[in-house]
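Just one chain follows, in the form predicted alone, and it is written as structure tokens.
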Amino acid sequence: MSSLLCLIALLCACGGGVNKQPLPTTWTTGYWVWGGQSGPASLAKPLDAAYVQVAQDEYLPDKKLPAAQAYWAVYRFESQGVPELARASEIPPKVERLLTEARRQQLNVVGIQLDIDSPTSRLADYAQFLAAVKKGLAPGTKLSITALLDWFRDGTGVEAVIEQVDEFVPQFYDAGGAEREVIAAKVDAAKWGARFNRFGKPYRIGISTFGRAKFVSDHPRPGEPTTLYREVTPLDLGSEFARETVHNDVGEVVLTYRAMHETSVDYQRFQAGEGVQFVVPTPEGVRAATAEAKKMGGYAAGVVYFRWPGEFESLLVPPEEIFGETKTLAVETEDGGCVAVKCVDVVLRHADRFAPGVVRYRVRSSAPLDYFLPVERIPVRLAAPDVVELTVPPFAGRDRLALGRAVSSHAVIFTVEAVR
């Protein structure tokens, strides 16, 4: 009988080498808040969790954070590889100072997350580093890590890493490098669920919601730019560019714009055949990845989206669209500061950012306008004394469109409708 018990104990010990935790009882939805940016997105209820990158002064950003039930402070190590073991002792004092400040701000910071891109070949060293960090943290401070998908192939020794943490977040994006015509990695529950659940530790799936633009050329030349001088949207490129549209197998739209002749966009010059390629996520693709993550069951505890929108970011899916909180098409105005007449700058909000076809909008004023001065690279015209019409090209990439300045003898009120 004792031999049988020993055999059972041995078999149990071979189940991955990680101390199993209770199964998660709730599914949570979180966001990474990166680079100190927190844009204007707002939701009907707080996020379950916000993973906030710690600013250089070792505190959470001063800018307004999205409302969340719980916060994690994320320490990003930019240099590739595993930090020297001696640096592990630097982290706990920083965390203690951060937690003290968070309590003052009445932020529920439940733990820290380390974002370290350890090479798969050095996971044993990474496990040592994590053990040293965890040893110095105050009791009750949870430790989370981001994880590369390559760590979870057979024979990597990732078990030693997972042993040291309270949760891990595999990142399902840029798995093949940032230069490919795809950002998201396919979330396949049948493939990944068993690999993650075997550790007996809660995990969340990191899902991309951001897009990317890069310079492309039919005939690359040594020394030509590979990046753009500023964030460019499809709307900036106009009729001088021909567009090719492809949908990849993870639900993203790949838009390739090539100049038909030599032209310029601000300070960037394009020769014929050169242009910009956009890889853009869609709400449907993000929701499909989320649904697949839920199918993993077991220790799957939720998802974390990368990332919360910055102030003027456009190439991403806004949180409202992911959660189905449709915003109403609206017109906003700002006083233009004119003296003899009434003038306002008119902005269209919550336009269809990536409509696959042309979208027309009709803006009405409550009284006739004297004239209207367009400012954007979109056809805007005063169709009648009280009607401004505009035509937005396919895949414009913006939900906020500055239309121009309206001038009238008296104050007016604007309304808007989409004309299909």
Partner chain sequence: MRILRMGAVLLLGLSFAWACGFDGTLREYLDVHFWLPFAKTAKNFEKPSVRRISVPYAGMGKVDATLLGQLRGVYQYPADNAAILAAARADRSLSQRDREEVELIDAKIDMRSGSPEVPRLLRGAQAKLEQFLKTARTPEWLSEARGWLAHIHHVMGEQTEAGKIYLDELNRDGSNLSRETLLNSLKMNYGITGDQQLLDHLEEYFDTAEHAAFAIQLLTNPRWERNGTTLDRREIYARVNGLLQKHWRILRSPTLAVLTMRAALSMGDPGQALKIAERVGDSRDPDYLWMLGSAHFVSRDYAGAEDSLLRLFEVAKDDRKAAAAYGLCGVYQKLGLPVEQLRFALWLSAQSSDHWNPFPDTYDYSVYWAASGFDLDLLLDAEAPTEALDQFLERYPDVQNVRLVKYALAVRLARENRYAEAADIYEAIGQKRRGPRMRQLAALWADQTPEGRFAFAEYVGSNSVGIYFNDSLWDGDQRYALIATSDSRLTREERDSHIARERKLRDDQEELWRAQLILREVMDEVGRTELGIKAARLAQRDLRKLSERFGRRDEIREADIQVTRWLRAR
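These figures come from a predicted structure and were not determined experimentally. Numbering follows the first chain given and starts at 1. Whichever C-alpha set is largest while still superposing within 1.5 Å between the two forms counts as the rigid core.
Keep in mind that the form predicted in complex with the partner chain is missing from the display, and what follows is about it.
**Student:** Are all three residues Val339, Leu373 and Val407 in contact with the partner chain in the model of the complex, where contact means a non-hydrogen atom within 4.5 Å?
**Tutor:** Verified in the model of the complex; spot residues all in contact, yes.
**Student:** Which listed residue (Ala185, Cys343, Leu235, Val254) meets the criterion of a heavy atom within 4.5 Å of the partner chain in the model of the complex?
**Tutor:** Contact check passes for Cys343.
**Student:** Sort through Ile378, Leu65, Val54, Leu369 and report the residue having a heavy atom within 4.5 Å of the partner chain in the model of the complex.
**Tutor:** So the residue touching the partner chain in the model of the complex, by this definition, is Leu369.
**Student:** Pick the stretch from 330-338, 129-137, 288-296, 200-208 whose residues have a heavy atom within 4.5 Å of the partner chain in the model of the complex.
**Tutor:** Flagged stretch: 330-338.
**Student:** Given a superposition on the rigid core, I'd like a yes or no on whether Asp352 shifts its C-alpha by 2 Å or more between this form and the one not shown.
**Tutor:** After core superposition, the displacement of the Asp352 C-alpha between this form and the one not shown stays below 2 Å, so no.
**Student:** State yes or no: after fitting on the rigid core, is the Cα displacement of Trp27 between this form and the one not shown at least 2 Å?
**Tutor:** The answer is no, as the C-alpha of Trp27 shifts between this form and the one not shown by less than 2 Å after core alignment.
**Student:** Examine Asp48 after superposing the rigid core and state whether its CA is displaced by 2 Å or more between this form and the one not shown.
**Tutor:** No, its C-alpha moves less than 2 Å.
**Student:** Given that the CA-CA distance for Tyr267 and Glu376 shifts by 3 Å or more in the model of the complex, does it become closer or farther?
**Tutor:** Those two alpha carbons end up closer in the model of the complex.
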